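Taking the form predicted alone, here's one chain by itself in structure tokens.
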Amino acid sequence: MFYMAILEALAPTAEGRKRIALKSPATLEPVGEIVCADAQDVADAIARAKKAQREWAARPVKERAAIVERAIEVLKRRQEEVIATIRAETGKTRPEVLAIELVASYDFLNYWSGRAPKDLADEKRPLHGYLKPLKKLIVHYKPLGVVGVITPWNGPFALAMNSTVQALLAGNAVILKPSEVTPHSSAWAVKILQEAGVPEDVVQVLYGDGETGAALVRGGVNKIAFTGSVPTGKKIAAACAEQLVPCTLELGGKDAMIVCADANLERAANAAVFLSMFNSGHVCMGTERIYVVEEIADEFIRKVEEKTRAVRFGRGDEVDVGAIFWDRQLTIIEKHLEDAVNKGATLRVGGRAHRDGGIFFEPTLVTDVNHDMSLMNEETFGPIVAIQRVRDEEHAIELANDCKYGLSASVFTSDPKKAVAIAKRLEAGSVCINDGEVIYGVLEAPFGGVKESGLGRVNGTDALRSFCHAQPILLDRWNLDRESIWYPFGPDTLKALEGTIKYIFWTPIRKLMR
């Protein structure tokens, strides 16, 4: 039985576990296989993780951070092996692997290990008003326990590394379930962290398909960090809600790019092509819809067409765009483009799939699109530039917001004030000005979507704390036998309470008590 060209079901193991053979989308040559973990395997892994997590959490944060930071040296030694695995499983170009997977992962290891001692330290918080002379507050960031990290196939190494590192530094154990399309690429994150000194039961990888992921979600972990499709994300959210388990969901996108009349057209055209096609278009915050104001549309489209025709695609080191990572996605790309052309869109460049010895799709430019087309309202995830003319910027904002997704967006204009004003009106989790796709790498920025693009945030100043329970600990400043309002109630109790209300909240002094 063949699932698709990339995944092939093999005969099960003697114990009855499913086996899947993997092929490279760039060559269709075998690149290994996996044995899918079953429900008992998942339960056993979670049990080991819970036991090991207690000792890991007991280590000082600085010690955990030092171990994670050592992974940088391990990655340096293993870099070429990691690159080879990712390219074999995805068909990415080497620059894409370096930019998306390696630079990002080095930064995750370096940044979060440096932030952890400060971000996770007990925090003394000043109290307000009448409580200030009476109490002291400490907030302790307590690890949640075991975190399940489920990652997709488009950024398999970096996306596995980021959430796993954050959860580990916070004192949790992590079980990683990578996509069955790119399992070995993601598994490198676990191997490197283990080699750096993270105990084996503290960070584990479980290979498998959707059944394995479902078992992990319902297996008794303390949080799920999921990156993937909207339908799967909704199932995970429902399962987590039933168990009262927190989750973060980084889901799909249909990111809009607005090109204003005063934009630098050369930069905007370069961005339109790159942001639509980078990583074969397999980027959740990649540009999938471009709205250009009418008065500059002809010149903008001319530039974009010229640049699209110059994009090289295929396998090897002399191309810009590599393979389509999964042929299931190729089917969606073809379907969306066919629907658009049938409904009146103009195909200017490309538009054809290539399946001879690999899975590729030509860099494509399509114009005269509209919101009746699936190309403009469903996630395509392919190397297609789709441009729609609009009357003005107001029209562009209206169309950009007319979408069930809301992950990120971009605005191209030479006026910074206008850019920010437009950005604030967009229904998107984040907005880049005269750029795009980089926001996930800005680790100080909370990243996540609105609408159907997700739930919760990754990165940002509270990233490490999101894998903790913020436990407030309240201390008494005075060693008294009793509080003034404890039993037995008497005249002094009433006097104290009525006096607090009258002399603080009924007078201007209340403003000093905030």
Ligand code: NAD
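Computed from a prediction, not measured in an experiment: that's the story for all the values here. Start at 1 with the first residue shown and count on from there.
Unshown form predicted together with this ligand; subsequent notes refer to it.
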Does the 4.5 Å heavy atom contact test between residue 344 and this ligand in the predicted complex come out positive?
-> no
Give a yes/no on whether residue 369 approaches this ligand to within 4.5 Å in the predicted complex, heavy atoms considered.
-> no
So in the predicted complex, does residue 350 come within 4.5 Å of this ligand, heavy atom to heavy atom?
-> no
Does at least one non-hydrogen atom of residue 312 fall within 4.5 angstroms of this ligand in the predicted complex?
-> no
With the partner removed from view, which of 211 to 219, 268 to 276, 91 to 99, 106 to 114 is the stretch that lies within 4.5 Å of this ligand in the predicted complex, judged by heavy atom distances?
-> 211 to 219
Sort through 292, 384, 150, 161 and report the residue having a heavy atom within 4.5 Å of this ligand in the predicted complex.
-> 150
Identify which of 364, 154, 166, 287 has a heavy atom within 4.5 Å of this ligand in the predicted complex; exactly one of them does.
-> 154
For the three residues 180, 253 and 379, verify that every one has a non-hydrogen atom within 4.5 Å of this ligand in the predicted complex; reply yes or no.
-> yes
Using a 4.5 Å cut-off on heavy atoms, which residues of 219 to 250 contact this ligand in the predicted complex?
-> 226, 227, 228, 229, 232, 235, 236, 250
